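To begin, one chain is listed below as structure tokens, in the form predicted on its own.
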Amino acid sequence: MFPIIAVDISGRHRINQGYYMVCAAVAVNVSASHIESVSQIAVKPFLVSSAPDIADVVSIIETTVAEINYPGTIILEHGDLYNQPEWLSQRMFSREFKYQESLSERLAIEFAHHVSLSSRNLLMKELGID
């Protein structure tokens, strides 16, 4: 088993006057093909008036992951950083980073996606925005 922090951002599209985004980071222990245990989850909302660029996305991820007190590599889908090469993306983070490769990393990102999407849906409902 090894520790990872899988991250997903929901809401990177404009609604009304802004981009209502929710970032979720899940700290998990994984084996090659399974999530073995969940240690911590961090969820943070973000609102910006213009489309987020790569520096904004990195800042959102770093802010959310900073709330997790857990070792592990940050894992993202390749498209979350606008398909930048991994060697370039690694230089933008203060922690170890890589794109997902294994089945368990994919499962962890799906887990983070469900957390971010459901949290964003709840936020939008509570704000009366749709």
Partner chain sequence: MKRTIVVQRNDPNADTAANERKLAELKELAHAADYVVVGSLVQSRYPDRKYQIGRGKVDELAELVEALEAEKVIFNNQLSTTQIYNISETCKCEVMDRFQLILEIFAARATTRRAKLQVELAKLQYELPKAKAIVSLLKKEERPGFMGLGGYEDSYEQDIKKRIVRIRTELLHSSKGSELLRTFRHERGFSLVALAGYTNAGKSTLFQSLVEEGTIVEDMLFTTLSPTTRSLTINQRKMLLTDTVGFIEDLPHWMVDAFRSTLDEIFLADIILLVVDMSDPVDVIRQKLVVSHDIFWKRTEGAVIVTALNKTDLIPDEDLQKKLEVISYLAPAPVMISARSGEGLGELKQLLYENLPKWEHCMISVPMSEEGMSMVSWLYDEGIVHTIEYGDSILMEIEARDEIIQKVKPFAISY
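In this text the structure is predicted, and so the values were computed from the model without any measurement. Positions refer to the first chain, counted from 1.
The protein also exists as the form predicted in complex with its partner chain; that form is not presented, and the subsequent description refers to it.
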Among 64-72, 101-109, 45-53, 88-96, which stretch sits within 4.5 Å of its partner chain in the model of the complex, heavy atoms only?
101-109
Report whether the minimum heavy atom distance between S33 and its partner chain in the model of the complex is within 4.5 Å.
yes
Note that its partner chain is not shown here; using its position in the model of the complex, name the residues of 1-31 with a heavy atom within 4.5 Å of it, in sequence order.
F2
